[in-house]
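Single chain ahead, by itself, as structure tokens, in the form predicted alone.
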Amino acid sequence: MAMSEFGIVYAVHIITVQFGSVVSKVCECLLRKGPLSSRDISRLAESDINHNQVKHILYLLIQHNCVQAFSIEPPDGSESKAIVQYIVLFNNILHRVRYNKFSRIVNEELGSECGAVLDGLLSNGRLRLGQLIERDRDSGKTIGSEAIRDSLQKLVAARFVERIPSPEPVLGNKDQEPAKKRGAKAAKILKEPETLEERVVEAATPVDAIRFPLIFEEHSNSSLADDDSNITEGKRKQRDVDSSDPSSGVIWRPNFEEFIHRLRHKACVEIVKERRDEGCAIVLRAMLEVGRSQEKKVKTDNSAPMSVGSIYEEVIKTEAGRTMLQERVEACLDQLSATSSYLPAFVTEMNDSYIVDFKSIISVAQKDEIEAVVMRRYGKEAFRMFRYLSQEGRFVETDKIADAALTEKKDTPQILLKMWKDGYLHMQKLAITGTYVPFLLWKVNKLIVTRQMLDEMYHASLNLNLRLAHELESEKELLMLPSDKLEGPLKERVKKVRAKRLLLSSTMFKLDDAIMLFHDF
């Protein structure tokens, strides 16, 4: 999905807060102009930044996974060299405000030691094993080199951490690539990446065997590991960062894709729990666990087929699922497969197997979010019109909308025009012979509405961030006072400031969940 104006402004704000205004100028230049060489950036960036400074800023942004270098293969017969260009990774910039969510996932699933290792990677971008060990030694709460190694191994096995991508992938020249004829079925399975950013990320991403290597297991079976009991502590520390260790030379970074994958699954379970019941949510959670290894992309429309037996086997692994008999699980699957006038099927049954329909689950939550905004902004009558047009999925004339939504025909055009001006409806005018007034048709275009919603949410997130920064800055001196000096009115004032900060932070947290629903899921 194309970046919107407030999406760009919000991303620039995130970079400004975390890296400063000079770095944000380079980032904004890439966001607005698209991929550029370092010399083009120094020429086009709206600041007095020389070429050397631009290069250092690009290295910093690459270190923190916000920029990717690449080059495009020159045409056949051309003697010109491929120029290295830099593309900004918009999604990774947005992920920077989600680090607390990512840390919580790891702490809950793998424990606090793995959480500490992940926090090191999140704050530093990319690190080697030796750097993680050195960082741990410098910290106040050291967990030890062996714990760091074991934690990193667990994080890689769970795919929360990956080897860094190729530093400078070369893309094929699309103009000279031969067009391949594909059948209808193959066209559905093999989709070309939509954007240049997706092409670059795909080209830079190594195969899974390299991306999530098993070097730890290989190293643990080596003679060094076998003789570990005879090694003194000093020699062990030296071995931990020794270059002969195959894991020490690998540079690691957080795998944002896996975190968004987990958050998407969690959102799907919550949606089903809210729309169906607790039992259906337990069964869906088990299905997601069974099919997770076969999902190659975050935005997967459907899961792999799975049998009732495999689903039930996963259900009884959880404490809540142990109370469920197989009959109850089958009843929940029937419930999830059922359709109604207001809910689609969340699961599809096919040849005694069941497939999770992610697209249906996510679309239900998106529809509810959009309709809630329409209700708050335009009122009940507009809400009924919008829902009717969403269900119809085609152009409908004004009078029919008035009849279906039970609204006054004289008021209907004004309400529809308000929603159209704000980008929530698509309008088409038809000129009819013999009349001066054009015939108006209305339709909900989901893609346009989604883009409009996202842009408004980026704008709201930006405003909340600015408001929180203003509140903290204005009360900075008060918050720095020691607790023993806070008495009477001052104590009450501090309570109000902290309550306001908590409210703004929790609102930003929930708003980011909504952004993920429309942008990432």
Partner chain sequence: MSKRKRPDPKSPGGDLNEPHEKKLLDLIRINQGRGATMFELKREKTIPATIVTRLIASLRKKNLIKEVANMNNKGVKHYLAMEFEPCSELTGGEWYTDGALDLSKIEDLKAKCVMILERHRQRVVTLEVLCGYFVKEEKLSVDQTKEILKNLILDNLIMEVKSNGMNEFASTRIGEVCYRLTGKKSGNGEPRAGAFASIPCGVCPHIAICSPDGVISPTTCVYFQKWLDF
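Residue numbers count along the first chain shown, from 1. All figures in this text were calculated on a predicted structure; none of them were measured in a lab.
Note that the form predicted together with its partner chain isn't included here; everything after this is about it.
Taking 173, 211 and 299 as a possible spot, do all three reach its partner chain in the model of the complex with a heavy atom inside 4.5 Å?
-> Answer is no for this spot.
Find out whether any non-hydrogen atom of residue 409 is located within 4.5 angstroms of its partner chain in the model of the complex, and reply yes or no.
-> Residue-level check for residue 409: yes, a contact with its partner chain.
Any of the heavy atoms of residue 32 lying within 4.5 Å of its partner chain in the model of the complex?
-> Flag for residue 32 set to no.
Residue 51: heavy atom within 4.5 Å of its partner chain in the model of the complex?
-> It does not: once its partner chain is placed as it appears in the model of the complex, residue 51 has no heavy atom within 4.5 Å of it.
Any of the heavy atoms of residue 500 lying within 4.5 Å of its partner chain in the model of the complex?
-> Close contact exists here: in the model of the complex, residue 500 approaches its partner chain to within 4.5 Å, heavy atoms only.
Heavy atom contact within 4.5 Å of its partner chain in the model of the complex, the stretch among 66-74, 491-499, 32-40, 53-61 | Of the stretches listed, the one contacting the partner is 491-499.
Exactly one of 359, 376, 137, 446 has a non-hydrogen atom within 4.5 Å of its partner chain in the model of the complex; which residue is it?
-> The residue in contact is 376.
Of the options 201, 404, 82, 263, which one has a non-hydrogen atom that comes within 4.5 Å of its partner chain in the model of the complex?
-> It is 404 that has a heavy atom within 4.5 Å of the partner.
Could you run down 451-468 and flag each residue that has a heavy atom within 4.5 Å of its partner chain in the model of the complex?
-> Contacts from 451-468: 453, 456, 457, 459, 460, 462, 463, 464, 466, 467.
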